[in-house]
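To begin, one chain is listed below as structure tokens, in the form predicted alone.
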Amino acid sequence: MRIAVLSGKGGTGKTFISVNLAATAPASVYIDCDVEEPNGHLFYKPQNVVSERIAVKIPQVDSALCKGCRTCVNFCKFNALAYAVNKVIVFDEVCHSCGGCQLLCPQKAIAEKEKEIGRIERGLSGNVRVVTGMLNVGEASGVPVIKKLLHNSRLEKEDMIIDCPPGSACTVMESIKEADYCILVAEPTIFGVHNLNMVYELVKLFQKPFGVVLNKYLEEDNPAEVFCQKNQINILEKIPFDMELGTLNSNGQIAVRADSKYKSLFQDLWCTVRKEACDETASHT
């Protein structure tokens, strides 16, 4: 079962929920798709780490063969190619590696070269296999790294927890495409409602079953809770605002491994999510 954890912005508690949920399961795979700033591994401190480089294909133009017809330039909708000073110029940063320019070039003047954009690291931490995507600084899009992360995980037999990037951009869409269930993490503020609404609209668009975890919960007015009630959204858990929890988190400790109180809380959340996901799967078969 694939469970994706989303939030409308960073700092809401998405990684906190993902890490502790994966550590609660009897056996699981934690996949960090927040490739621009992955930090799940800082909590897990995985052992026996194996690294794999991730590269994309970038066009390379042979000026001796190019006749300056501009077929490739006119084809590229991302403006990754331009013709100036009697030659084709390639802008690696905006190339989407579709290969169309190479296919259409009438002179066969375009080949492809590899460009490394990041890496994937795999390691083990107790009952959790930790898989982390890392995008190189300065790269425009983490989508190729996320695609590789999730493609390689299709044969996994254990439950998978997918720690998504924050927000609702294309990297998040790529992360939830094959998820069986989505957990939306929300803060108890008006700004938190704005962010919650972003991911709420996204999971509805993708027709994914979902529920909400209210993080840093206080026994007072909670705009995020009101939003859920108005929209009949299932609240999976309310995790209380707790200084002790904040201290564990800031020290890079996994709460469910450090304190039985939090282990019990996340065991309840794990059971709830599993039941919700199984019920949704059954209702669509």
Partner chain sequence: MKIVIPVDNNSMDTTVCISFGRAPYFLIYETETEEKSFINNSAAASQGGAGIKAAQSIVDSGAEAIITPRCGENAAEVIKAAGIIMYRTINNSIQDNLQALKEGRLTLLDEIHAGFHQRGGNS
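Numbering follows the first chain given and starts at 1. This is a predicted model, so every value here is computed, not measured.
There is another form of this protein, the form predicted together with the partner chain, and it is not shown here; the text below is about that form.
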Requested in this report: Examine Phe78 and determine whether its closest non-hydrogen atom to the partner chain in the model of the complex is within 4.5 angstroms.
Outcome: yes
**Report entry** Residue contact check: Arg70 to the partner chain in the model of the complex, 4.5 Å heavy atom
**Finding:** yes
Query raised in the report: Does Glu93 reach the partner chain in the model of the complex, with heavy atoms at most 4.5 Å apart?
Result: yes
Query raised in the report: Wondering, does Ala82 line up within 4.5 Å of the partner chain in the model of the complex on heavy atoms?
Result: yes
Query raised in the report: Among 105-113, 141-149, 190-198, 84-92, which stretch has residues with heavy atoms no more than 4.5 Å from the partner chain in the model of the complex?
Result: 84-92
